[in-house]
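This document starts with one chain, in the form predicted on its own, laid out as C-alpha cells.
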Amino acid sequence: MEYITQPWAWYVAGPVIAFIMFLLFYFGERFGVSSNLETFCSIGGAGKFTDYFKIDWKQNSWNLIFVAGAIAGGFIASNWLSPSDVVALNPQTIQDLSDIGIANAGATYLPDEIFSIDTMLSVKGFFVLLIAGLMVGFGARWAGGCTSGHAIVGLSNLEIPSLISVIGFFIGGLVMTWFILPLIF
C-alpha cells in the first residue's frame, strides 16, 4: 500500500501513460478532458440553439466514463491514498506565496485563501472564478483542446499544433504566476 501512496518515479509513470496512449491510438480514440464539455452540452440539448453542439454524443460515451473515473479516482486518492494533506514545497515557494497573502502554503493541497467556500462566495472570489473559468474554457476550445489533450496526446503524435499550444500554455502559466496572480492577491 505504501508503494501506491508515494509519488511514482518517471520510469514507472511514463511507461504507464505510454501504454494508455498506445491503447487509445489502437482503438482510434483521443484523450482529452475539454472535449467532454461539448458532449455534456450536447446531452443537455445545446444543439437546439447552436449547430456546433449538434454531434452524436454517444460516440464520446467512453470519454464520459473516463470523467467519472477521474472524479471517483480523485475522491479515492484524496480520502484513502493520501498520507497527509501537507505538500512538500520549496521554502522559496512558501515565501513567495506568503508574500502575496497565502498563509500556511503547503499545509493543505487547497489553500483557504483561494478555495474556501467563504472566498468563493465573496465578490472578488466569484469574479476570479468566473473569469478564470471563461478564460480556460475559451482557451481550450480556441487551442483545439486542453493541456492534457495537447501535451499528452498531441505531443506523443508529434503534432506541430500541439507543440505550439503547449508552448502557449507554459507562457500563459508563467505570465499568470509572475504577473497576474500577484495583482489579484
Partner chain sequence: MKYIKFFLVGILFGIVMSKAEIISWFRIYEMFKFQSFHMYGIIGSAVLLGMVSMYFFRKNVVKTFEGNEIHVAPKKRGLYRNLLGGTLFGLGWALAGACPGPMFVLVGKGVVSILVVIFGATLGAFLYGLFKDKIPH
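The term rigid core refers to the maximal set of C-alpha atoms that superpose within 1.5 Å between the two forms. Residue numbers count along the first chain shown, from 1. Computed from a prediction, not measured in an experiment: that's the story for all the values here.
From this point on, the text means the form predicted in complex with its partner chain, which you will not see here.
Enquirer: Residue 123 near its partner chain in the predicted bound form, any heavy atom under 4.5 Å?
Expert: Judged by the heavy-atom cut-off of 4.5 Å, residue 123 is well away from its partner chain in the predicted bound form.
Enquirer: Answer with yes or no whether residue 180 is in contact with its partner chain in the predicted bound form, where contact means some heavy atom within 4.5 Å.
Expert: Residue 180: yes, in contact with its partner chain in the predicted bound form.
Enquirer: Are any of the heavy atoms in residue 58 no more than 4.5 Å from a heavy atom of its partner chain in the predicted bound form?
Expert: Yes, residue 58 sits close enough to its partner chain in the predicted bound form that at least one of its heavy atoms falls within 4.5 Å.
Enquirer: May I ask you to state whether residue 43 is within 4.5 Å of its partner chain in the predicted bound form, using heavy atom distances?
Expert: Contact with its partner chain, no.
Enquirer: Of 138-153, which residues get within 4.5 Å of its partner chain in the predicted bound form if you count heavy atoms?
Expert: Stretch hits, in order: 138, 139, 140, 141, 142, 143, 144, 145, 146, 147, 149, 150, 151, 152, 153.
Enquirer: Hey, does residue 169 budge by 2 Å or more at the Cα between this form and the one not shown once the core is superposed?
Expert: Residue 169 C-alpha, core-superposed: shift of less than 2 Å.
Enquirer: When you overlay the rigid core, is the Cα of residue 8 off by 2 Å or more between this form and the one not shown?
Expert: Yes; that C-alpha moves by at least 2 Å between this form and the one not shown.
Enquirer: With the core lined up, does the C-alpha of residue 69 move 2 Å or more between this form and the one not shown?
Expert: Not so; residue 69 is displaced by less than 2 Å.
Enquirer: Quick one: with a 3 Å or larger change, is the residue 28 to residue 160 CA distance smaller or larger in the predicted bound form? Answer closer or farther.
Expert: Between the C-alphas of residue 160 and residue 28, the gap widens in the predicted bound form (3 Å or more compared with this form).
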